[in-house]
Structure formats: C-alpha cells, structure tokens
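Have a look below at one chain only, the form predicted on its own, in structure tokens format.
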Amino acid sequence: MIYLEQFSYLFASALFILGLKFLGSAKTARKGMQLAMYGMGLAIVITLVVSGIAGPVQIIVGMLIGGGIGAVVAKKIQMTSMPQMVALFNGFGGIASTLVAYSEYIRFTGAEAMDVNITVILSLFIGTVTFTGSLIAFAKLQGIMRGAPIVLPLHQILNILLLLGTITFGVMNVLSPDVHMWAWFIIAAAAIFGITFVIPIGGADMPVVIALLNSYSGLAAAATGFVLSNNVLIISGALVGASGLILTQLMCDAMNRSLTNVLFGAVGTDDSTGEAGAGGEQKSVTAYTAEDAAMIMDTIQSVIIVPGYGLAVAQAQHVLHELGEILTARGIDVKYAIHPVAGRMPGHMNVLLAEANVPYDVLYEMDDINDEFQNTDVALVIGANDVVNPSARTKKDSPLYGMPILNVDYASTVMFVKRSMGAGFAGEANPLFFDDKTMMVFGDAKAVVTALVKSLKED
C-alpha cells in the first residue's frame, strides 16, 4: 500500500506541474486546469483511503457535495465577481491550513521535534494571515468596505509590533509546546496582521494582492504538508507558492513598481468614479454617439480594441465579440491589446474574452502590440483608464509614473467608451480624454457597443 501511495503522489505531482505549464498559455489553460483537477482528485482519494479517514462512501458523498457547491458557485458567479471568488478561495486555503495544523498541534503536543513545532507555527501564522487578508480583499472588491487605502495611525509600527509579537509567541511555543495559549496568541496576532496588512492597499493594486495571497495560501499548505509528512501537499503547496510569487513579481513589473511600494504606497481610490479633472486642469470634451463611432468605423482598415474593467462590469464581452466579427467580415484588421494589470485580477481580460469565444490568435500582450498602435486607424478603449493614461510617461508626481502603458495615444483616432469622465483606480486624471483626436462615447459599455453593432448592421 505504501508503494501505491507514493506512486500516486508522484503521479499527482506530475499532473500539477503539467497543469501549471499549460496554464501559461490561454490556448491550453483549460487543459491545464483539467490536469490539475485530476491530480488533486487523485491526491485527495489516496490520502483519505490510505490514512483510513474515510471510506469509499464518505469520499463519494463528500466529493459530490463539495463538487456540487463548487459547480453551482462557478455557474452563477459573474465575471465581475471573479476576483472576489479567487480571494475567497485563497482565504479558504489559508484557514484549512490553519485548522489542520492546529489539530495536529493538539494531537501531538509536547511529543514532536523542534522542527515540526516550527512548521506548525509557520502554518498557523501564514494560514491565518492568508485567511483574514483574503477576507479584506474580498470586502474591498465586493464594495462591502471602501476600496481606497485605509491607513491607521502608526500603521507600520503596529504591523512591526504584530510580527515581533508573533515571533515571541512562536519562541515561547517552542520552549513550552504543551502550553496551548501560545498557539492561540499566534493565531490572534496573525489574524490582526492579515487585516492591517491588506487594508492600506488600494483598488489599483488588487491584482498584485490577489497574486500574493495566492502565494501565501500555497506556502501555508506546504508548511502544513511538513507537519503531516505529506509529500504531495508539500509539492503542491510549493508549486502554488512559487507560481504566486512569480506572478506577483510580473504584476509589479507591469506597473513598474516594487512590491514594497505596492504594499506600503497606499495608492488608489474607491473606484473609477472620481472626477477626471481632480488635481489637474478642468476642461470640457465633446460627447459623441455610437452612430458617430460607426461612421468612423466605416472608413478604417485597422482597429485595436483595449478592454478594461468597465467591460467586465457591463458584461459586454459577447457583444464586443460580435462587433469584432462584423469588422473582420468587412476586411478590417481587428486585434485586442491586453495589459497585464487590466481588470482586478491577473488575466482578468483574457478570461473575460475567452468566455465570449474571442479567438486566441487576436489577443496580444502589451509588449507584442505596442509598436502597432502608431500604424493603427482606431484604438477602441472600452472601460479602461489607468493602463492607457499618458501621465504614466511624463507626470513624475503621478502614482502611475513609470508604469508601462498601452500606446493608444499613438493611434490615428482614439475612441473611449466610458460611463463618465471619472478617473481610474489610481485617482489620476487622463489627459488623453481631452486630445483633439479622441472621441468620448459616454454610456454603459454593453449599451454603447450594442448600438454600434446595430448601426454597422444597418449600413
């Protein structure tokens, strides 16, 4: 039986690794998820059977209940709420690690070596931080609490004290492992730290926070794997932790900001409804209609579509795909430009457009398409703001300064589809709104694009 268990864990780990490899491309991401799912299913079943925790009936019932809940949630969740769901999943992973580690701590109190006690402490701390931090991220994304940074008096000093307190409690726990009070103190300090760690991070930085919390959930699982001496949990946790850290760094690079600045810079506003002229020059613009935009589309040869969070809010991805098909049928070159931090989680726009069956070969990452804007007739920006704001290039006191942006201002004509003149999540006014070659089409993205499709069909 021991050989079957180890072989199964090895096979499951291989599926995890292959799954991560396939997740590196939008074309193979679905296959990657399936492979990882099969690996996790195998690992769960083998662990429960070998350990004697559950028999076949309990395993089947448990998987049906859990799978049923997951299927219903996945079916009902809107794309605008996907970041919140990911945040909750991270939190569930964290609290699971905390509960398992604490149950093991209770079971073997005083009977294990120092290295095991230390891994228990790490699992309790990281798991609890992930749980409460993810709940705060969920609350910010869901609008339950304000999305703008919340900075308390002496905030960083409080965080330092909480970390020092956790270290002190951990040392006391190692010295007196039979005193359960120290474990509870660790959990309490970690719970508070998870809250104070995330609340000063603004909405503009949520993609980074989600990636980082995902990494934390993996690290917590790996630490719990050492507590349980479970190889597959160690491997899967390490894979999640490492991939989450890599993704976090990629997100930081995409914004040209350090992780320290993201965590402690307190950048961002509640949402994208702030006035575009705030902190800058007040100007007026000419509002255009969808019919005006259709007239321009009748005369062009190329268009690059830039999706943003406003597209997700309006659930306009399907009608946008229809617009792309109409333009392509007319011989117009249609491409989509994807900024790494567009939306509210890594890959948000890719997932959104994939849901509408937009072909993968017309989706381009920022570095691959930026040079093409200067030869493009129209850049159609739908619900995006910060990722196309030229202030990132020139305004040194802007929170966006230095962030690589999509060069939509190099196109011959720029069309913005927005609900208002509101600034982006960084709270920075976009001077491109007032450029002579910019057309501002105000309204809900789905309504505007639908009207644009209707006008083009009538031509």
Partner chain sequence: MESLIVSIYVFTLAVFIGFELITKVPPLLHTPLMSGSNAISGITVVGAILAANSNNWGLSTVLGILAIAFAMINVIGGFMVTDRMLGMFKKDKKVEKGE
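Fair warning: this is a prediction, and the values are worked out from it, not measured in the lab. Only the largest set of C-alpha atoms that superpose within 1.5 Å between the two forms is called the rigid core. Positions refer to the first chain, counted from 1.
Keep in mind that the form predicted in complex with the partner chain is not shown, yet the notes after this line are about it.
- In the model of the complex, the partner chain sits within 4.5 Å of a heavy atom belonging to Phe92.
- The partner chain in the model of the complex comes within 4.5 Å of no heavy atom belonging to Ile405.
- Although the partner is absent here, Trp182 lies well away from the partner chain in the model of the complex, with no heavy atom inside 4.5 Å.
- When the partner chain is considered in the model of the complex, Thr128 lies well away from it, no heavy atom lying within 4.5 Å.
- Only one segment in the set 371 to 379, 194 to 202, 354 to 362, 293 to 301 has any non-hydrogen atom within 4.5 angstroms of the partner chain in the model of the complex, and it is 354 to 362.
- Ile44 is the sole member of Ile44, Met421, Leu432, Ala392 with a non-hydrogen atom lying within 4.5 angstroms of the partner chain in the model of the complex.
- In summary, among the residues Val171, Ala188, Val285, Met85, the only one with a non-hydrogen atom within 4.5 Å of the partner chain in the model of the complex is Met85.
- The putative spot formed by Val100, Ala221 and His348 is fully lined by the partner chain in the model of the complex; each residue has a non-hydrogen atom within 4.5 angstroms of it.
- Residues of 232 to 246 that come within 4.5 Å of the partner chain in the model of the complex, judged by any heavy atom, are Val232, Leu233, Ile234, Ile235, Ser236, Ala238, Leu239, Val240, Ala242, Ser243, Leu245, Ile246 in sequence order.
- Once the rigid core is overlaid between this form and the one not shown, Ala12 counts among the residues whose Cα shifts by 2 Å or more.
- After superposition on the rigid core, displacement of the C-alpha of Ala43 between this form and the one not shown amounts to 2 Å or more.
- Core-superposed comparison between this form and the one not shown: the C-alpha position of Val73 differs by no less than 2 Å.
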